[in-house]
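Below you'll find only one chain, the form predicted on its own, shown as structure tokens.
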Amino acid sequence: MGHHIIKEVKQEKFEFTGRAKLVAIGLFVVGTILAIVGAMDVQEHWDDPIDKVETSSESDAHAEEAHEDHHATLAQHDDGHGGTHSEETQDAHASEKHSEVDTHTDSHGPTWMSRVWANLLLNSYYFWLFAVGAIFFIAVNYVANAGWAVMLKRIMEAQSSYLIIGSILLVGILWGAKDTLYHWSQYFNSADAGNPGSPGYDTILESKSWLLNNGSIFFFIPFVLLVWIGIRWKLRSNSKAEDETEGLSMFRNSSRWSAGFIFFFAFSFSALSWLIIMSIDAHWYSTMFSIYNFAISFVTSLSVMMLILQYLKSKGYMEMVSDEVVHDLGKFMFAFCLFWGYIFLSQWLLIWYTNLPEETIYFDARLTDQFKPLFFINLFMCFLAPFLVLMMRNAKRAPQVLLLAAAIILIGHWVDMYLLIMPGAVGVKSDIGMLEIGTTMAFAGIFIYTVLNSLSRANMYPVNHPYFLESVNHDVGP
């Protein structure tokens, strides 16, 4: 079948209608209400009788162990010096030790606010990744001189517009949650930090103090995000200016900025993923964690891009975007589902093979209690289901199938982020209820409003892009 060559394209402009605004605002309002009600419910039931019994039993066990250790120490002392201690003195020391254990549990254990902050962190980081993946995709297409995705460029730009509000929300939540979610922050604010003679001295945390410190939270993270936002603004400005001026000056300038961004992104994104997510489990580390986070970011951003594209097509926009372009976007979704699965398996096998306690404890926490079913649901929704759905050629051209695949991927990786954050931040007290659903809905409302508003502020097609007609006439073959 011949492919008709298109040489002229009629420009389109997206209208952000009142109905679409109402849906986005409604999501935010309803989600906020549900989150507040859910938070109140969590607060009310945080100290339920079952948890009190379990906590009390655990504390008693620790106290008994401490009591026995104390008696053993006294026995050694008596054998060496021939002296004795009264029962009253021994009981006083044991009581003091018991008190120390309880105090440690109360001061460092999760509270109901830990779950609230953890949900805010989860969703602020997750939706922020959609914007990060979009700006990375823009930069990659410039550097690679890729032509097929030019028709989708304005969707990528609109999606990346959330980087500004998303970064503000993320930094604000990090500052607020610092002392609640991050054990290393509590440690470095204590008298044990920097004091090798202290019983609470933590060698592992001390070795990571070059990264895990207030300077990283208050200065390094905002600095990186400001650089990213500045480069995103430059690429967007060049893109809009290109609509008014012909020639290659804007394209070449954007290519140079994109190359610089990718270089800076490789290092800065790794550091941000360590600081924001991995340091929740501060004693654990993985050499593959940053690329794992990148895989989540890229495959979810591609899935969001597909949802936006299918939404626009359903409203009569972007009819010039052919099935060939949609097919290639579907192939990218499929490929990076496989990439995520490869990174997941690689990290798992490395930790399983070496079998070091400081590494295996991470997966042990996610394969117990209520997290175990979610662990396998995560594998199914992030890898197996999209693999089976998208592996057929025709599936990558069917709107309903692509919408289903994108929804599965996005829900699956929300569960993925839940497993990255909740076991370390909240522990067995975590759950999926109104708080989690409401917080996600509220952030979805903010994201949708920001993206659609940005989409309405520029033409739908970058017609003066040098590869625009290549994208219009893109053909992947029979």
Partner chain sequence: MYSADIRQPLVTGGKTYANVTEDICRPIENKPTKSWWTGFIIAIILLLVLVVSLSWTVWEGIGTWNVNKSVMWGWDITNFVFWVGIGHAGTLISAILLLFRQKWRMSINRSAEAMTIFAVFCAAIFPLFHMGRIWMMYWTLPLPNAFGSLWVNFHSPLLWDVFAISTYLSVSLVFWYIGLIPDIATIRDRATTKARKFWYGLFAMGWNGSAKSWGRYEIVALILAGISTPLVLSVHTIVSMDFATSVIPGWHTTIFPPYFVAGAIFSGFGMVLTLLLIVRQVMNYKDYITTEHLEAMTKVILLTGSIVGLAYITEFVIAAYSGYEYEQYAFANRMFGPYAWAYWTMMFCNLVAPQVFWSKWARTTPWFIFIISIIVNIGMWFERFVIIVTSLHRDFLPSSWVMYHASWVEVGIFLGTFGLFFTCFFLFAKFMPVINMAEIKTIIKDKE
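It should be emphasised that the depicted structure is a prediction, and the values quoted were computed from it without experimental measurement. Numbering follows the first chain given and starts at 1.
Just so you know, the form predicted together with the partner chain exists too; it's not on screen, but the next bit is about it.
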Let me know the one among Ala191, Leu226, Leu356, Met392 whose heavy atoms come within 4.5 Å of the partner chain in the model of the complex, would you? Leu356
In the model of the complex, which of the listed residues (Glu242, Glu157, Asp202, Asp328) lies with a heavy atom within 4.5 Å of the partner chain? Asp328
Let me test this: is every residue among Ile5, Thr287 and His474 within 4.5 Å of the partner chain in the model of the complex, going by heavy atom positions? yes
Mark Ser207 yes when one of its heavy atoms lies within 4.5 Å of a heavy atom of the partner chain in the model of the complex, and no otherwise. yes
Can Trp274 be called a contact residue for the partner chain in the model of the complex at 4.5 Å between heavy atoms? yes
I'd like to check something about Phe251: if you look in the model of the complex, is any of its heavy atoms closer than or equal to 4.5 Å to a heavy atom of the partner chain? yes
May I ask you to check whether Met320 falls inside a 4.5 Å heavy atom distance of the partner chain in the model of the complex? no
Please pick out the stretch from 356-364, 393-401, 171-179, 372-380 that is in contact with the partner chain in the model of the complex, where contact means heavy atoms within 4.5 Å. 356-364
Members of 418-434 lying within 4.5 angstroms of the partner chain, judged by heavy atom, in the model of the complex: none
